[in-house]
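Only one chain is included here, represented as structure tokens and corresponding to the form predicted alone.
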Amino acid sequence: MTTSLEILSPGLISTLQDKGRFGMASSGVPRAGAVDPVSLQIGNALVGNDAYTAAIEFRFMGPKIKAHGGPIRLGLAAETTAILTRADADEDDVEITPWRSFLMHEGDTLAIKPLKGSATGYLTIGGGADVAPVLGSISTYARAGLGGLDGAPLKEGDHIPTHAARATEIDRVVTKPCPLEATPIRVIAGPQDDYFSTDTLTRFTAQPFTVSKDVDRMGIRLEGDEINALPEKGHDLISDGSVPGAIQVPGSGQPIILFTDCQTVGGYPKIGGVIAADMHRLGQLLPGAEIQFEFVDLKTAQAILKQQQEQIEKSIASIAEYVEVGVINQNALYTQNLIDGIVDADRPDHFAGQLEA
């Protein structure tokens, strides 16, 4: 049976994203991919997919969709709720809570509410989207028209073909999602940290920066006290390679964090680069948020990345059957030991396990 998801409303910015295109920067092809790969991995685990299977990534406000040819199993990996409206008018609407999976049947619609205190969420699709990869990835890179559906963000009327879901699979929920850390964002200095004085490097980590309104998949502009390069060095250099997470400092002295859709070369000095384990935190930054940086070395960055992977594994291991509040969990009744003890009617004063005199 052919199954698909129709986009009734795309929300603010919704795209298909997977891990992205790696190893192509030398040809001028940006990475693209999920801005929060941690949430993507956990969301895919909810529906039984491989970690980086392409999903609908939505920013700030989610889409409204309709199922065709169901059933289609979906997972809501986001700090928000959604309303599932059944095609059968006799059935009540269902509130889909964060970090859980559910089934959509033919004609059902789902409306995702705006995100709460975060910027990015994912709607994972059991079996994945049946979309051909471009240069090894389904990820949408709109500036070059690569990937996704016709290389563009999702729009009203789009149909995402999907692989058939396992209709018998139970609804599941992540009981322990990965928390977003409130610590400074960790950075490895360079490659042009020598363009800045020791005092300037200290001020870079000592002061908070505010995320400006100019934040998207290409970059995150910050506002704070100016970070100026040494006069003899200046803020211009011969363009060299750029990667997501690199922190450029232009002549304005206001840093710019390059992000997943960033250009592959740049001509501003880079004071540092955000470590891999903290990249997902950038994907959740809202305009007006305050952040601070901390320099770490490579060995520390590797240790933090290992700890993050362990946390992801713990979150995935916490996935359990979802049971609505007020509904009897029959599976628990059938599989758990509900007998705490027994009493012998012929010996009312004796309890099982009691030591004999």
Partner chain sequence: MKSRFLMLGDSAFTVEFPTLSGVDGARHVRALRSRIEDKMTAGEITGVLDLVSASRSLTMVLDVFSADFDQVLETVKSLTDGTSDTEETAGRLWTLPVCYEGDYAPDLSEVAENAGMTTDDVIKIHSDTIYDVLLIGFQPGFPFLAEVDPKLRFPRRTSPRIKVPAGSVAIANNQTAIYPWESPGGWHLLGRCPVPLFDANRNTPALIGPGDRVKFTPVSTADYEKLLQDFDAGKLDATTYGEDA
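Positions refer to the first chain, counted from 1. What you are looking at is a predicted structure, and each value in this text was computed from that prediction instead of being measured.
The next section is about a form of this same protein that is not shown, the form predicted together with the partner chain.
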Task: Any non-hydrogen atom of D194 within 4.5 angstroms of the partner chain in the model of the complex - done: yes
TODO: Report yes if any heavy atom of Q302 sits within 4.5 Å of a heavy atom of the partner chain in the model of the complex; otherwise report no.
DONE: yes
- [ ] Look up in the model of the complex whether R31 has a non-hydrogen atom within 4.5 angstroms of the partner chain, and give yes or no.
- [x] yes
Open item on the list: I'd like to check something about R86: if you look in the model of the complex, is any of its heavy atoms closer than or equal to 4.5 Å to a heavy atom of the partner chain?
Closed with: no
TODO: Could you tell me which of 107 to 115, 271 to 279, 124 to 132, 68 to 76 sits within 4.5 Å of the partner chain in the model of the complex, going by non-hydrogen atoms?
DONE: 271 to 279
Open item on the list: When the partner chain is placed as it is in the model of the complex, are T210, A229 and Q292 each within 4.5 Å of it, taking any non-hydrogen atom of the residue?
Closed with: no
TODO: Using heavy atoms only and a 4.5 Å cut-off, determine which of I185, I160, I96, A189 is in contact with the partner chain in the model of the complex.
DONE: A189
Task: Residues within stretch 243 to 265 having a non-hydrogen atom within 4.5 Å of the partner chain in the model of the complex - done: V243, A246, Q263, T264, V265
